[in-house]
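So this first bit is one chain, no partners, the form predicted on its own, shown in structure tokens.
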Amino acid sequence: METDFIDKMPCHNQQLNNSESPEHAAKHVRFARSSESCQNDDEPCENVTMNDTQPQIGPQLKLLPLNDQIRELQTIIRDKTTSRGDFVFCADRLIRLVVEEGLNQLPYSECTVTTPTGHKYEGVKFEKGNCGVSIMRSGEAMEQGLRDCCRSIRIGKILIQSDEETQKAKVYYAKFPPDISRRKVLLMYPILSTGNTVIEAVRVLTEHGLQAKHIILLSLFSTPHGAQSIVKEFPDITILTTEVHAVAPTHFGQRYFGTD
């Protein structure tokens, strides 16, 4: 099983032929079909592309540039036959990519440093005052990816569950840095299905004085409805994800923590 998985990964070292065959030259990954192609197809279209979704949701929605590497990670995570070890490995890789892009959304200032050879180098540095907030439990899967990029970053937590009687999202626990209202927040929740959990989490953050425009929501997968619901409720928020699709891998938390 382990050998088979390694053979699938694009980073596996293989001997390449110097002369590219026509078969290799014609290789292209088929990404999500456009709405136009779906209209000419008898099969139902479940895939939603960025071109279809962004006009409906707006510039608040940002997708990672899609490439073969990201597409394969998405495929392995969605595959029901994937082992838990492979699932966690690929999920961590995708999380890291989302976190890195999320950091690009944070404010920075220009600075000048001196190199070991004595030369001046014009660079940038991130401004202080950033923190992470994970929505328990699945959001905790993204904490290590954030710490790998920002070792000393502070991370708050929110626990939200559905009320057994009303089925509405209810906050059971919330703990943030005391100065959360003055920070830029990376809100972590891997799967946006209905958007209700995130909406409640953002509502709690705004009740603590944080403005929605200072929140960057990091997720791996989103449905169109989930993203639309969040933006409708909080138009100033930024949503960063890798894919918008009608079917979200809602099994993510159970598979990642081994409780399925």
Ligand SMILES: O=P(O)(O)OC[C@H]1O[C@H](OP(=O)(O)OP(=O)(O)O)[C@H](O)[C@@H]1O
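Numbers for residues come from their place in the sequence shown, where the first is 1. Treat the numbers as computed from the prediction; the structure is a model and nothing was measured.
Absent from the display: the form predicted together with the named molecule. The rest refers to it.
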property: Contact label in the predicted complex: residue 229 to the named molecule, heavy atom within 4.5 Å; result: no
property: 4.5 Å heavy atom contact, residue 130 to the named molecule in the predicted complex; result: no
property: In the predicted complex, residue 69 touching the named molecule (heavy atom, 4.5 Å); result: no
property: Residue 109 within 4.5 Å of the named molecule in the predicted complex, heavy atoms; result: no
property: Contact residue in the predicted complex, chosen from 157, 147, 96, 137 - any heavy atom within 4.5 Å of the named molecule; result: 137
property: Residue (of 61, 202, 216, 192) lying close to the named molecule in the predicted complex, criterion heavy atoms within 4.5 Å; result: 192
property: Answer range among 137-145, 177-185, 76-84, 120-128 for contact with the named molecule, defined in the predicted complex as heavy atoms within 4.5 Å; result: 137-145
property: In the predicted complex: members of 242-260 within 4.5 Å of the named molecule, any heavy atom; result: 250, 253
